[in-house]
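First, one chain by itself in structure tokens, the form predicted alone.
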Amino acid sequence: MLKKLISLMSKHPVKIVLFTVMAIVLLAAGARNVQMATGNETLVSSESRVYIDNQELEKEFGGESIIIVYEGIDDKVLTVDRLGHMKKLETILNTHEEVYSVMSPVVLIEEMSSKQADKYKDGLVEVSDGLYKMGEKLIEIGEQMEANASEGSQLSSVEGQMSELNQGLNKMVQGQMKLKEGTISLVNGYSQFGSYTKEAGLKLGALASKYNTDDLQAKQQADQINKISTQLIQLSEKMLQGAERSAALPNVSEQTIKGLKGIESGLSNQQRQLEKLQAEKEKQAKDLNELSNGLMEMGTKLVSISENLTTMHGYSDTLKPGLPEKQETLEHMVYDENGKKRDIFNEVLIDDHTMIMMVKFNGNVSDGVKSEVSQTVKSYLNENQIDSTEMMVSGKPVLDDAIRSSMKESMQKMMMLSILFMVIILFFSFNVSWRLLPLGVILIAVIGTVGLMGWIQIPITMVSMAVFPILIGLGIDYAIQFQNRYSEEMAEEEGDHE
């Protein structure tokens, strides 16, 4: 086999070199796929029960977590500025699809703020409805009061009627007074007329006695005159009796006048009281009108406010919950009325000087993603320092990333120092032509090995790292021996030809 290979190389040296170069380039291309792994698969078999169960657990409940610690030297670490610092970092982390969740005081406070916003919206609706009902009720009461105030005008009509009645009574008094005067004149007329009639009767009687009773015609005239005289006397007596009877009529009128004046006086008093009451009613009506107008105006404004609140509720999606801007508001959300920290903050607010943020990955996330997120967190903390605050990043992903970085740096240093020492040793102790050729060969072998690991998905672990020193140590020895033997064989062939 070796002889065939040597024969093939001797017959087609150029093709063999080109094939070798192509193979090296192809293998070197796989080096970009090589990853440095520090996960569980580097410690236990990926087919073991423990490893599989752990993968299922991470798939359901998330994987490893990064812990970011904020430690303040002042009285209280939870301040508005530090909360805003956490919020910016959380916003950046949430852009990573592989971040399962972020737990921090920011999340808890935003959740509380969200619930408060929901309560605010519900309260807004209740207040709006209450104000609308109150406004309608006030308008209704105002209208009723205005109607009641208008009823006071009925008193004015009653007052007018009483005034007319009083005027009627006054006219009745005047009529009674005239009746009194007429009655007195009637009584006096009766009396005078009776006296005159009696006197006329008596004169007629005296005249009749002067007639000659012997003369029949005279006697008849005397009888007629006596008869008329008697009738006049009887009439005069009746007139006198009528005068006596009518003498009480003026007293009746007087009493009637007194009664009417009493009624008139009573009506006047009632009218004055009614006028006073009317004045009070007018004042009350005026006050009622002003009050009803005020109530209706207030009701109208309440209805308007209710409509505005309804409009605000319609646009309530703009009322986004957010972080508090005042330290007092923040402390009110974190601590209860007794100054005791609320239980939901126990996991993220350790004490007055320390609080943490936990960034949890999705299950079975690659080390590369964990390293990327870890570097994102570190870069943010370095670029956004906070006065009087120390910020630390910890957790297994961060530790693994540090181990991988350390492994990479160690490998680079090891390779550089190895190459340097080999160059020195080969240059001074290997006395042949192309004395650095073994180093080139071993570097090609290393590149080919790394590229092959990349193509077949074998990561570099803390265990596999030991392969490279062994590869370099053994490879350089064999390469030196191979080249030395090749040089000796070439020297012997040159001697035989001489």
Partner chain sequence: MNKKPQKSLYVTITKMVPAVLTALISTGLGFIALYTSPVPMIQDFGKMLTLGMIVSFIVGLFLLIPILFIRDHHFKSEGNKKKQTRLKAKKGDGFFNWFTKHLITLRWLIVIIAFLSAGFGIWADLKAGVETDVEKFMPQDTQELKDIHRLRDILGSTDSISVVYEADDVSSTEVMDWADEITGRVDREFPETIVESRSITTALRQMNDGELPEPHGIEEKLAEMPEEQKKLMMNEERTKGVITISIKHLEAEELKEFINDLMDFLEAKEIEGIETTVTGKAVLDVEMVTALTTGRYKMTLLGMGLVFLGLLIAYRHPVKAFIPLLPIILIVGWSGAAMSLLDIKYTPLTATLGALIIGIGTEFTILIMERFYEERKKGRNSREAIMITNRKTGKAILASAFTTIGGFTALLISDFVILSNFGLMTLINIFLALFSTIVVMPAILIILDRFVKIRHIRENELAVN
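Definition used throughout: the rigid core is the maximal C-alpha set that superposes within 1.5 Å between two forms. What you are looking at is a predicted structure, and each value in this text was computed from that prediction instead of being measured. Numbering follows the first chain given and starts at 1.
Not pictured, yet referred to below: the form predicted in complex with its partner chain.
Val393 is the sole member of Val77, Leu330, Leu93, Val393 with a non-hydrogen atom within 4.5 Å of its partner chain in the model of the complex. Contact annotation for Asn384: none of its heavy atoms lies within 4.5 Å of its partner chain in the model of the complex.
A residue is said to contact a partner when one of its heavy atoms sits within 4.5 Å of a partner heavy atom; Ala31 fails this definition for its partner chain in the model of the complex, lying far away. Not displayed here, its partner chain is approached by Ser418 to within 4.5 Å at the level of heavy atoms in the model of the complex.
When contacts are judged by a 4.5 Å heavy atom cut-off, Leu89 does not count as touching its partner chain in the model of the complex. Contact annotation for 401-439: residues with any non-hydrogen atom within 4.5 angstroms of its partner chain in the model of the complex are Ala402, Ile403, Ser406, Met407, Ser410, Lys413, Met414, Leu417, Ser418, Phe421, Met422, Ile425, Leu426, Ser429, Phe430, Asn431, Ser433, Trp434, Leu437, Pro438, listed in sequence order.
With the core held fixed between this form and the one not shown, Gly62 has its Cα displaced by under 2 Å.
With a cut-off of 2 Å and the rigid core superposed, Gly39 has a Cα displacement that falls short of the cut-off between this form and the one not shown. After superposing the rigid core, the Cα of Met414 is displaced by 2 Å or more between this form and the one not shown.
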